[in-house]
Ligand code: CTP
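Before any questions on how it binds or moves, here is one chain, the form predicted alone, in structure tokens.
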């Protein structure tokens, strides 16, 4: 159950997955939420408005309800004012495209444009449509605008094709909505300054080649966005990331280990919390990289490496007693958790987040993660979930940890 009875504005656009929206409405109600429904004209061709109206207990709003009501209120404004959160499920390619481009040509998209609270979408479409570059550009725009996306699942679609694009299951959408409602009410990082690193550093060999890793920066971005949502002032120090800017977050580029070290050391005194989510190279060239490109030949190319500066170790050495420092440990094998705990103790960290790099379905480049959160007094296992969800759980633990640390001191 949510903290108080919330009102959900459920937008239903046209597609075979409309039948799942009926089940979703019932799940919202069982969770203690009121539900009001807006349907596009196409959606009514799959399930009639009377079904949603009977189950919700409220009049379903349709395109021909736009403009002034009999009570002189404006439909798309009034419906938005009544809701704590807007959920569009199913969200078709057409509706998502209109949202991304600011096209308001029906009641649903007009209401979206006028809605000032959190918006969650559950895309549903053919696999090829979901994978199309134009669709993914639209999704990038929506994410940058602050829309939360419940990723579509993989399975057999209505067209008979097996692939990604089917609308997420109603219980997954409910979980995402509950999480957003909780987070929107969280202010446990308000007034705190959070420094986060993300991405993977690249150590140049010449002007073209480099030593790098597969980190996408998605985990660090999820943490930055979530920390900002919870009231923190956030700076993201990023290494070689190609992701949309996180709204409200200050971003600084630091593409190499040395540049990230200098940036973090320079910024750290001004921050309350440091979260080192970046994959920083352990080694770099033992000399300056060669200008231009080393020509290819049949001879061996020998490259000598030297260790980079351990940023976490240096940060924990100079941190104030009231600062909270968090590391990440990407480890492999049966003793991985023990090695992560050893790293936390050796570097005197307040917390370390372990993830298993042996898993291909989580971690590097994936939208999902599964972690173990280690502190000096215990550990918390977090099962596989979207990185946005993992970020919220990590921040829950950080918020509690820094409060306890400052209370104790």
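Keep in mind that what you see is a predicted model, and the values were worked out from it rather than measured. Numbering follows the first chain given and starts at 1.
One more form of this protein, predicted in complex with the named molecule, exists but is not displayed; see below.
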Margin query: Which is the contacting stretch out of 327 to 335, 91 to 99, 239 to 247, 221 to 229, given heavy atoms within 4.5 Å of the named molecule in the predicted bound form?
Written below: 327 to 335
Next item on the list: Could you confirm whether residue 147 comes within 4.5 Å of the named molecule in the predicted bound form, counting heavy atoms only?
Entry: no
Note to self: Using a 4.5 angstroms cut-off on non-hydrogen atoms, would residue 127 count as touching the named molecule in the predicted bound form?
What the structure shows: no
Checklist line | Close approach of residue 253 to the named molecule in the predicted bound form, 4.5 Å, heavy atom | finding: no
Margin query: How about residue 308 - does it come within 4.5 Å of the named molecule in the predicted bound form, if we only consider non-hydrogen atoms?
Written below: yes
Next item on the list: Taking 4.5 Å between heavy atoms as the contact cutoff, choose which of 167, 278, 177, 121 touches the named molecule in the predicted bound form.
Entry: 278
Check: Which one of 87, 108, 273, 312 is close to the named molecule in the predicted bound form, taking close to mean a heavy atom within 4.5 Å?
Finding: 312
